[in-house]
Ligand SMILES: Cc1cc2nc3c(=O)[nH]c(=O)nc-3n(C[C@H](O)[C@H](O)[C@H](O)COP(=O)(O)OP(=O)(O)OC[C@H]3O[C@@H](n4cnc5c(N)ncnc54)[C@H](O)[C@@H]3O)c2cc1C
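For reference, the chain that follows is the form predicted alone, supplied as structure tokens.
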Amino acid sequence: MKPKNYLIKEKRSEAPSVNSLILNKQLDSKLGQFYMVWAKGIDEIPISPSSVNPGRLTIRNVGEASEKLCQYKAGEKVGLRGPFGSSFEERGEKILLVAGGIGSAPILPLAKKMRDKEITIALGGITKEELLFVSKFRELGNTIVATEDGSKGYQGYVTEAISDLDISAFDSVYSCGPEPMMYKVFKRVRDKEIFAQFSLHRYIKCGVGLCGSCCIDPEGLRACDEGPIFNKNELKNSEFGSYKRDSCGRKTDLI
């Protein structure tokens, strides 16, 4: 599949190392699916849109390809392949959304879709400058904010900020962000009668389930096909929360 070019209508700075590219067309992806986004001349990386209408890609500058994408300007074109992967399932009436850092991007469209339900949103960041879409989330539901340095909201991890919430009171829980954060959420829902889904970040190379670079131990579930959205039962007894693999297949620590 060749990348399809989209015109960038606008570029926005969301945080010191995060930019959004607003596209000239609507995207046809389901909630939580991703596109392989082409940084021309360098590489392509998986990105889940932070909006589908209009299409919006929110990108954190963490490597060569993402740095190139963050340098794009309005009037330039960006190539997308997709959409790929699994999506969030809407279930229940009382919902908890937990997002950390750039993980707020794919959670935002889900929150918008579920705005007619009773939703609680928990957002975490290192500093207040790195929190994403706080005002947008506050328009959609009760929003809890946590920063590690205490510059906004609760001082500490977002999982600590929601430690007093009765998790059993929720019908469904959805989470995206750093895996150690998601794993703490997972442990709270693992043995309860609660529907829960998590958006995993793994090294994705082909995006179509062929190369096996994103396979998850021990079942070989592919993050680009069966994922990136996994329910809690799929993650039980897996590598989730323990390790991931780099581009060469070596086990690496979660960061």
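Source: prediction; values computed, not measured. One rule holds for the numbers: they count along the sequence shown, beginning at 1.
The form predicted in complex with the ligand exists for this protein as well; it is not shown, and the discussion that follows is about that form.
- A heavy atom within 4.5 Å of the ligand in the model of the complex is found for one listed residue only; from Val52, Leu200, Leu221, Cys206, this is Leu200.
- Taking a 4.5 Å heavy atom cutoff to the ligand in the model of the complex, the contact residue among Ile194, Leu31, Ile47, Cys215 is Ile47.
- With the partner left out here, the ligand still marks one of 138 to 146, 111 to 119, 98 to 106, 152 to 160 in the model of the complex; by a 4.5 Å heavy atom cut-off that stretch is 98 to 106.
- Shown alone here, Lys244 lies within 4.5 Å of the ligand in the model of the complex, counting heavy atoms only.
- Of the heavy atoms in Val189, none are within 4.5 Å of the ligand in the model of the complex.
- Contact annotation for Val62: at least one heavy atom lies within 4.5 Å of the ligand in the model of the complex.
- Candidate site formed by Thr58, Ser66 and Pro228: every one of these residues places a non-hydrogen atom within 4.5 angstroms of the ligand in the model of the complex.
- Residues of 126 to 156 that come within 4.5 Å of the ligand in the model of the complex, judged by any heavy atom, do not exist; none qualify.
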